[in-house]
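Next up: just one chain, as structure tokens, the form predicted alone.
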Amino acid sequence: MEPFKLVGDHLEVLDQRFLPEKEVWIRVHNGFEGARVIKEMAIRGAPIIAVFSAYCLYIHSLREPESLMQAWEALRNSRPTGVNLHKILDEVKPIIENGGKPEDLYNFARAVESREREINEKIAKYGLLLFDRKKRVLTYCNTGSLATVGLGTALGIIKLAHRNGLIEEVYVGETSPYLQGARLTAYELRLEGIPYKVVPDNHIPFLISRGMVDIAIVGADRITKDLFVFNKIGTLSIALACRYYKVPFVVVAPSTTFDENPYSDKIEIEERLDIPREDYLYFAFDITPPDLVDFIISDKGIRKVS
């Protein structure tokens, strides 16, 4: 399952807002259009939008090389909180400043994609070490093939555990208001044949309190140097419930999600404007402090946090 594909001189993006009811593909011809589909949540997930942005710059260089830097800026401004996108754009910036030849941008995009795929395979293998028996797993939002490259991050661990006979059931938080869990994660689990139940977000602490969850495994959009975890809003509630009821709370992210800087209240927390009603207040992310995190798994290994 690939959330986007390169077709000649353009990209075709699977519009995740319509899943699982139907598959709708959006054609993207340049970086400005790419920034728009990121901002509008047609494609989402910190790792995949970083890879996607690299390909957007490639196709932009084919058509409108004179505005390549402006396209870079549009992509950078499309999602402010997740760090993967900014890291990849900072990495590609010297190529643009040195002329931005299409072949160089294409090779960069391919290298980034390959690197992310290898990272996810390593993450899944490390995560499997936490499964000494069949477990009931809680996960949140979507961290699978639709949000990353390859297996996925947190969901990649669950998929590999299932293939090794180590999943009893997966509880998937709906993830209001976009329902990435109910729509996307459930869709991926169904394709894999993994037993699951979708649960409303406000059910999650209750399930944990009843002893129905053996381990919670979630993703991240940014992890600061001092291990504060920025992830889809609702993650903090899960971490609090897990700590109170002594259920392991595990954060999974590629090394590209780690911020070299410590936590700061100046880090912008994205506030969504495309809300169900005008009287809604909706932040896209919340922040889980390290003392609520048991383990962080990355392609570098398993780190005990608290």
Ligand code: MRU
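Residue positions are given as counts along the sequence shown, with the first one as 1. Remember, predicted model here, so these are calculated numbers, not experimental data.
Another form exists, predicted together with the named molecule; not displayed. Remarks below refer to it.
A.B. asks: Among Leu85, Cys141, Leu138, Ile158, which has any heavy atom within 4.5 Å of the named molecule in the predicted complex?
C.D. replies: It is Cys141.
A.B. asks: Looking at 212-220, 93-101, 127-135, 186-194, which lies within 4.5 angstroms of the named molecule in the predicted complex, counting heavy atoms?
C.D. replies: Result of the contact check: 212-220.
A.B. asks: Quick one: does Phe285 come within 4.5 Å of the named molecule in the predicted complex, counting heavy atoms only?
C.D. replies: Phe285: yes, in contact with the named molecule in the predicted complex.
A.B. asks: Look up in the predicted complex whether Arg44 has a non-hydrogen atom within 4.5 angstroms of the named molecule, and give yes or no.
C.D. replies: Heavy-atom contact with the named molecule at 4.5 Å: present for Arg44.
A.B. asks: With a 4.5 Å heavy atom cut-off, would you call Arg243 a contact of the named molecule in the predicted complex?
C.D. replies: Taking the distances in the predicted complex, the answer for Arg243 is no, it never comes within 4.5 Å of the named molecule.
A.B. asks: Determine whether any heavy atom of Lys232 comes within 4.5 Å of a heavy atom of the named molecule in the predicted complex, and answer yes or no.
C.D. replies: Lys232: contacts the named molecule in the predicted complex.
A.B. asks: Taking the named molecule in the predicted complex, which residues of 1-17 have any heavy atom within 4.5 Å of it?
C.D. replies: Going through 1-17 in order - heavy atoms within 4.5 Å of the named molecule in the predicted complex - there are no hits.
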